[in-house]
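Take a look at this single chain in structure tokens; it is the form predicted on its own.
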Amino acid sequence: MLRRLGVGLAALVAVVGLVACTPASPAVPGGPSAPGETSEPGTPAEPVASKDVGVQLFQWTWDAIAAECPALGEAGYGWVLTSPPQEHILGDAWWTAYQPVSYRIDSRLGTREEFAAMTAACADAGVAIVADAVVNHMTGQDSSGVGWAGSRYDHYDYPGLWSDVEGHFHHCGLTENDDIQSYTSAVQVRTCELVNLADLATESEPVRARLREYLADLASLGIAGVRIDAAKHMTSADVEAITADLPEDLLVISEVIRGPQEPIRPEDYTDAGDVFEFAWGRDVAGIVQGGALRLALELGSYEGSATYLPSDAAWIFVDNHDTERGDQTLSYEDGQDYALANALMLAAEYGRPVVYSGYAFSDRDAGPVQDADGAVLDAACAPGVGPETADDDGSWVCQHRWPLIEGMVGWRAAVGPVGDGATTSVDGRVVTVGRGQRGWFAASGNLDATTGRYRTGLEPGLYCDVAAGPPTPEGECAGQAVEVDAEGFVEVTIPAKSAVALHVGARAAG
């Protein structure tokens, strides 16, 4: 069954209030125009009020997410990707959450009741919840143990759930220790073990049936979608079968890491729903660091981009919890380059964006700060977070609140993700994006500030530069007010390796 942006998630992603700003212009008769179109002559343009941006709040507790959702909704975020909610092994490392012991919704991030309360609170704020679902494997522990909620387990025996005797696990017999040794072998990738993690026989109907029960349980708690972790290590048919009984309006996004010369490709999984496009984050890193920003807006859309998923099936990101621990993508440690890459992602027409927000670390295995019992402490964003912030290990980086990123989330919500009226122009290392009368964006790859006069397409008037952050609830600009003249031009100075962004939902008083 093909699953795209479902009705349930789309209902929260569309037509929800935008960032607080000056009073909106009168409604356009018949509702807002399609993204990129202009209004009827003489009729002020209206914000689109589209919310297709997700944010991965990595290792945030359910209580902390619930508390953050009102701010997320106001900023223009449409949904949150949570960390895995099922019971897991004990330990301090971040990856303990990816070693299930049972499918009880009881983890170091919170209880079942807290998870349900989170989905309800976020829905009230116009923000949907997508849960990270670990369904390919169980633990990688060779010795017996007890999980977070008290469930006992062995590597290949989970009482009342899985049993090696009953054929619930793969033992590929193709490599030493049954671990994957070559990603050029599809059989190894799908039947051998990923770093000793007990690999479930997901082609087996009893296994599929039990996994369907788990996902149905998550759906009953109010989620709007699931991220299928390690989907690459199952067939697309397995993913389809496991998600088959979910409500039609639930979003399914598979994690399939694209690798050169590998036989398993993200495109193989589009029949099961949407897929994360890892190539975008890898490619944009070099583009931003090199300064040729126009290439970032062409990723996935230009002729010869066959190594990218179709745009309507792709979710893109600058980094996630895996890639920030590697060296192929940017991360919060890259400061302004990282913020600029996110801004370009939010201005791009290819795919749909997911912002990442995690915690600072120097040890790549380090988990979030926990109490004496191992429960994760609630995340808290310090005032003034941004690319210049010095982050101590364990502190919450809160990238989703960085001024440029948060301002561009509101920009995208106001102008819409795509449209026939969208325009792009390039002047040296400055790239501009126009969205008709709804918005305009300019980004510079220069190492010094760049001043210029640019055509915007916006109606004359004063606009807040939301690249400095969204307006205050009282409608005051976080940064400068920019005047669009009678001919639709602006004269602005774009900071080094940064941007200027204007939209109709953030008009300046004056």
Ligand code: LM2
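When you see a residue number, it is the position in the sequence shown, counting from 1. Every value quoted in this text rests on a predicted model; they were computed, and no experiment measured them.
Below: the form predicted in complex with this ligand, not depicted.
Annotated contact segment (heavy atom within 4.5 Å of this ligand in the model of the complex): 318-326, selected among 346-354, 318-326, 434-442, 215-223. Checking Arg258, His400, Arg208, His137 for any heavy atom within 4.5 Å of this ligand in the model of the complex turns up a single hit: His137. Proximity to this ligand in the model of the complex, taken as a non-hydrogen atom within 4.5 angstroms, holds for one residue of Leu194, Cys172, Ala375, Ala186, which is Leu194. Among residues of the shown chain, Trp94 is one whose heavy atoms approach this ligand to within 4.5 Å in the model of the complex. Shown alone here, Phe361 lies farther than 4.5 Å from this ligand in the model of the complex, counting heavy atoms only. The closest non-hydrogen atom of Thr270 lies beyond 4.5 Å of this ligand in the model of the complex. Heavy atoms of Tyr308 never reach within 4.5 Å of this ligand in the model of the complex, leaving it off the interface. Of all the residues from 216-249, those having a non-hydrogen atom no more than 4.5 Å from this ligand in the model of the complex are Arg227, Asp229, Ala230.
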